[in-house]
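One chain follows as structure tokens, the form predicted on its own.
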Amino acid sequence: MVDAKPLLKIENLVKHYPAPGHGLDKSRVVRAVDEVSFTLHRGETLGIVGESGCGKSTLARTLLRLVEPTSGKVLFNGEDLVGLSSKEMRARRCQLQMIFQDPFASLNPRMTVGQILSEPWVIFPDILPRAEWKERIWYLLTRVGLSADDASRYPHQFSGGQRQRIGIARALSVNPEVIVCDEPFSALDVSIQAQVINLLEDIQQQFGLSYVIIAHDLSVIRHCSDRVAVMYLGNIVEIGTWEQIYGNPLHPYTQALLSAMPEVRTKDRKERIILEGEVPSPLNPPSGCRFRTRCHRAQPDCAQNKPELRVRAQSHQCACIHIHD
């Protein structure tokens, strides 16, 4: 059940990187994430979708401070994580965990599964007494669909789907409240994707977890999210429930993405919307609306006015100056 008070609140989060090859010219930056805001409630799953390079993975790492934000706030239970020291942030790591895209690269090949799962307890000894480690490892493995005997095996002895299950078990080992999943299904085939989605849903209900799931597959996000945020070139252009996003998309970019799905069509169009041109560089994004150079509904004033993400109806938010309330 979703709590009314946000567990995680992101306010105007920014991550800029120095532009490569520009030396001391700090005015030239890559605007990977640019003033992103959203909320995540307890027990909720927020899916974030968009084309490759739109800033989804950078956003995931920035909100967990795996990379330092340029500016903005990350409020977890009302506390701003951006203002914490390294030592203070380390103490919060138990509450905020991550499942990575590549389930093999994220696991130490020289450690057994048992060692991988118990490593967090070495770092945070107050979580679990050593005498209970073995029993807890067995519990975590069986909970994610593996065998207790797998504790003595190494990551290379497992399939991709099994390795992702180990990554999920590792995230669960510190009793987190929020898990950020960065493309957790992209390295898996379709049948294994369904199994991992079902597993994430089961443990969410059991442990009362909240998820931020990053993905580029709109079909996957539709089946595992309560709300969906659509990103384009470092900005969120639309947020709503999955029923709102898939049933009545407002932003032209969202409409174009959904028109590529055979099972989903936009409300006012039946044909495929083809996005013309290349995605602009985050080093020099277009003025005004960043999507205007590829938008099938662009008007001259789109170049002068930067659209704000505003509520249109029943918490359905959209950033487009030509969408009327």
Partner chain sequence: MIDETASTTDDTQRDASIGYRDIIRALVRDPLVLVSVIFLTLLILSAIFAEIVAPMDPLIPNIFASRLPPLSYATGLDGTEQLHLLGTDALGRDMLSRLIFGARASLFVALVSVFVSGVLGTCLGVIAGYYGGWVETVVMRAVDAFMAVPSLLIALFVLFIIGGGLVNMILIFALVRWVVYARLARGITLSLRETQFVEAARAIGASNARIMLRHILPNMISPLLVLATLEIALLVLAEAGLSFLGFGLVPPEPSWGLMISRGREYMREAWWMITLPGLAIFLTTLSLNLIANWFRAVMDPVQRWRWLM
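Remember, predicted model here, so these are calculated numbers, not experimental data. Numbering follows the first chain given and starts at 1.
Although not depicted, the form predicted in complex with the partner chain is the subject of the following passage.
- Screening 214-222, 247-255, 190-198, 76-84 for residues having heavy atoms within 4.5 Å of the partner chain in the predicted complex returns a single hit, 190-198.
- Contact between residue 227 and the partner chain in the predicted complex is not found at the 4.5 Å heavy atom cutoff.
- The partner chain in the predicted complex comes within 4.5 Å of a heavy atom belonging to residue 115.
- The shortest heavy atom separation between residue 42 and the partner chain in the predicted complex exceeds 4.5 Å.
- Using a 4.5 angstroms threshold between heavy atoms, residue 178 stays clear of the partner chain in the predicted complex.
- Each of 106, 154 and 165 comes within 4.5 Å of the partner chain in the predicted complex, counting any heavy atom.
- None of 203, 128, 111, 148 but one reaches within 4.5 angstroms of the partner chain in the predicted complex through a heavy atom, and that residue is 111.
- Residues of 215-244 are not found to place any heavy atom within 4.5 Å of the partner chain in the predicted complex.
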